[in-house]
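What follows is a pair of forms of the same protein chain, given separately as structure tokens and numbered structure 1 and structure 2.
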Structure 1
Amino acid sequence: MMRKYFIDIYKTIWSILIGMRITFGHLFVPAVTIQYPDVKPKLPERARNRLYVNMDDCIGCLQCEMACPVNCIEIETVKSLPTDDLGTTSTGQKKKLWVTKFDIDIAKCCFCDLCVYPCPTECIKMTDVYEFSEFDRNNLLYNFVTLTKQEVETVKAKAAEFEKEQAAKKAAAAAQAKAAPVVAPAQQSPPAQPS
């Protein structure tokens, strides 16, 4: 009975010492405190934080939107007119679409980095910015489009007008093809046989 009593005391003290081993280890090590807002911790090289989009390189391919597992990226594009020169990306690819909407809802983003890899021009990237808390959730919806609202409306109106003109030309060509009389090919007489 007395032996069990001392065994229980020994087990109790031993479990406390095991639990306090880490505490004792740090007890005699000088503490290093980072003065956070002024001094920021160095992040690992591959840390995944806020997304950034370089719109000069975006071609509107929708690859990042399709790759996003939580649908936090919304992109709208308008086909450019033959007379429009949208320039080229830094990789030398010619731009063919106006990007009229490129929104990322960071409140939905799970920072998985899946949208970065399929981008052919490497315009979407994860940055090292990790401080972006807001009081209003609407402020977490980032709009990366460089066009103003008026420019977007102008581009959409021109594209719609161009589509109507092309549809009218196709209809006129189809009507003209229907109205043209069908001419049967002339029957050729067989060549004369030499006698």
Structure 2
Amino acid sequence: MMRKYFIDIYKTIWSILIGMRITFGHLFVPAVTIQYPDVKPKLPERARNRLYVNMDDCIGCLQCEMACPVNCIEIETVKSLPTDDLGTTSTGQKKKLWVTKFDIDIAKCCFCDLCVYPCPTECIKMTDVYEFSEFDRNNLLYNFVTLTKQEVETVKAKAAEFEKEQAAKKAAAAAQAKAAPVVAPAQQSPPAQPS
């Protein structure tokens, strides 16, 4: 019993010495700690941090909104008039919709990168900006729309007016069709169908 006691003491001291040898060896190894706020690590090319949307290229297709698993992207679009020219994206696609709302709640974002892949014009992407903490949660609601509030309203009003006009035209056409005598060939479709 006594012997075991001393053997234990010997073993403990010995293993402490072994540990000390290893830690002493590490004294001469260059430090790996990055002094963060002063020194910033270089992020790789594929780093996934804050989302950024290049609105010049956005065609309002809602693909990213549908891909998001946490519903942090909210997009609203308004149809443009046939007379409007919204320009083309850098990939040569013609823009047909006014994007009147493109909000990303970055506080909800889970940085999964799923919104980036379906984008047909590659306008939504993850950047390497990682320092964007805020004291107020509302500041994390990013608004990417380039239109001003006034512009959004005029666009919406125009679209509504256009729709009304179209509806009126349609109604007029329908009324005209009704007023006109029934055209016989219109009811003559069944023979065309193969049996």
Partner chain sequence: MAEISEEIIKTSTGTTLRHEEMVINMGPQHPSTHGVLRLEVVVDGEIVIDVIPHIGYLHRCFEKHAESMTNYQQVVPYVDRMDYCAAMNMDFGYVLAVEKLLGIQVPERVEYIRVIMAELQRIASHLIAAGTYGLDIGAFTPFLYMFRERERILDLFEMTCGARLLYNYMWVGGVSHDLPPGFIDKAKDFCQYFRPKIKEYNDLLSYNEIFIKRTANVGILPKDVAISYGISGPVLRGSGVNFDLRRDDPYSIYHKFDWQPEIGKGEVGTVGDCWDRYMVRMREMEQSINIVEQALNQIPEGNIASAIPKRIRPNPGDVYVRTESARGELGFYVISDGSGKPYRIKARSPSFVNLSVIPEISRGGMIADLVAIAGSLDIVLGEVDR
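Worth saying up front: this structure is predicted, and the values here are computed from it rather than measured. Quick note, the numbers are simply positions in structure 1, starting from 1. In this text, the rigid core denotes the largest set of C-alpha atoms whose superposition between the two forms falls within 1.5 Å.
Note: the form predicted on its own is the first of the two, structure 1. Residue 173 shows a C-alpha shift below 2 Å between structures 1 and 2 [criterion: core-superposed Cα displacement of 2 Å]. With the core held fixed between structures 1 and 2, residue 41 has its Cα displaced by under 2 Å.
The two forms line up on their rigid core, and residue 14 then has its Cα shifted by 7.9 Å between structures 1 and 2.
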